[in-house]
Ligand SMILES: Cc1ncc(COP(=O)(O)O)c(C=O)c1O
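Given as structure tokens, the chain that follows is alone and in the form predicted on its own.
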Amino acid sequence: MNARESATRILEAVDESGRHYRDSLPMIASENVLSPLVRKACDSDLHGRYAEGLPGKRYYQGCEDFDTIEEIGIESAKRVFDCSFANIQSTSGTVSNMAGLKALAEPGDTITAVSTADGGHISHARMGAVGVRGLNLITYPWIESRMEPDIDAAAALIRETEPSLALFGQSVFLFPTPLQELADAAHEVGARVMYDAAHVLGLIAGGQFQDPLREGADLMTGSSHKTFPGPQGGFLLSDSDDAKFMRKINSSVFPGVCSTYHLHHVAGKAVALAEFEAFGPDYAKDTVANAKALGAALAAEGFDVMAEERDYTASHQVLTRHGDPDSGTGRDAAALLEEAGIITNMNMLPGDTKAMAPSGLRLGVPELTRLGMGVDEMQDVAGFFASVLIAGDDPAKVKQDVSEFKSGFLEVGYCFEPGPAYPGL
């Protein structure tokens, strides 16, 4: 394959990936699709430009127009997240966490967080940003049936270990964190509190989950491309009135963990913020309603859906267990579902210790909701799951049914100019 053939094959694979998702049910909880206006901002000359620094205080010339973009985006973020400080430069949720850890903890400090086995994100672990920063990690006691930290035991742990930073938030995130009680314990021992809202940021902004900045979080980080439906990127948000603290957060992003920060994505975030101001509350409400309906429908089909005693979920996610811990049954279920045109991910659940052979699936509805599916369609989706994983129907036949079903949901909504979710295909 010569150089030209390589380029051609790459572009063919790009189109093939788009068709794959167009004809499937995309249910990875961390994924979403772009609105036409956000896509336009991202596919612009800004993709190759630099703007180190803050608006009006750049290291390069030629940034006047980008200053306008970033200033509008910051003010919009303050309104959307009801906060006094917003940094919209971060290139991802993990980079946001790296910046937060840089600002709030020194190498060798002790921090507390949710373990990856209980749903914590890899950036909260020694294998990720916590290890990169050289921090000593202690994880919270966990209540599996409620899928949340044990409030009393976690508060006692914080008081006993006196961490520099108490980190909350998860990658597997079904219910609001009991933040107020735990933040109080952290502040008693002089710890800062950081809340990673990567998965649930849009639900928080839409008033459908919890309000971390009013419940004790000194800093909230998040992704801009999950339940907040924008381009790849991140946020750092605070309601602090401490100018020194805000300067420290800004400098932890640049020059701390970013040089340039993907100007085209910042522009896309700014457009997505404007659209969220107009449509976000409805989108967040419909996303949670769909997740609740999906959990109940899967349980009715006979699946083992986690957190039954709490009606399965209060977020965009649903968890299902498909066998014994470390049996690989979650991995096998995900592979079989993809043959049927349903794109999910295997996931560790409490009791699992092998990341590549877990027993669970993590299911998300942000993209399905953005495409116009509602609670009635969640019954259909659960039926497709049951056909493959319970009835044992031919995945190829189910895939045809899924593709036909999906053909009625190919337009992005909750935006100023609805349009194709998978353009050019």
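Numbering starts at 1 and follows the sequence shown. Since we're looking at a predicted model, the values are computed, not measured.
One more form of this protein exists, namely the form predicted in complex with the named molecule; it is left out here, but the text below deals with it.
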{"item": "Contact stretch among 350-358, 249-257, 222-230, 283-291 - heavy atom within 4.5 Å of the named molecule in the model of the complex", "value": "222-230"}
{"item": "Selected contact from 330, 295, 93, 100, since only one has a non-hydrogen atom within 4.5 angstroms of the named molecule in the model of the complex", "value": "93"}
{"item": "Residue among 170, 87, 112, 313 with a heavy atom within 4.5 Å of the named molecule in the model of the complex", "value": "170"}
{"item": "Residue 121 within 4.5 Å of the named molecule in the model of the complex, heavy atoms", "value": "yes"}
{"item": "Partner proximity in the model of the complex: residue 198 to the named molecule, non-hydrogen atom cutoff 4.5 Å", "value": "yes"}
{"item": "Partner proximity in the model of the complex: residue 30 to the named molecule, non-hydrogen atom cutoff 4.5 Å", "value": "yes"}
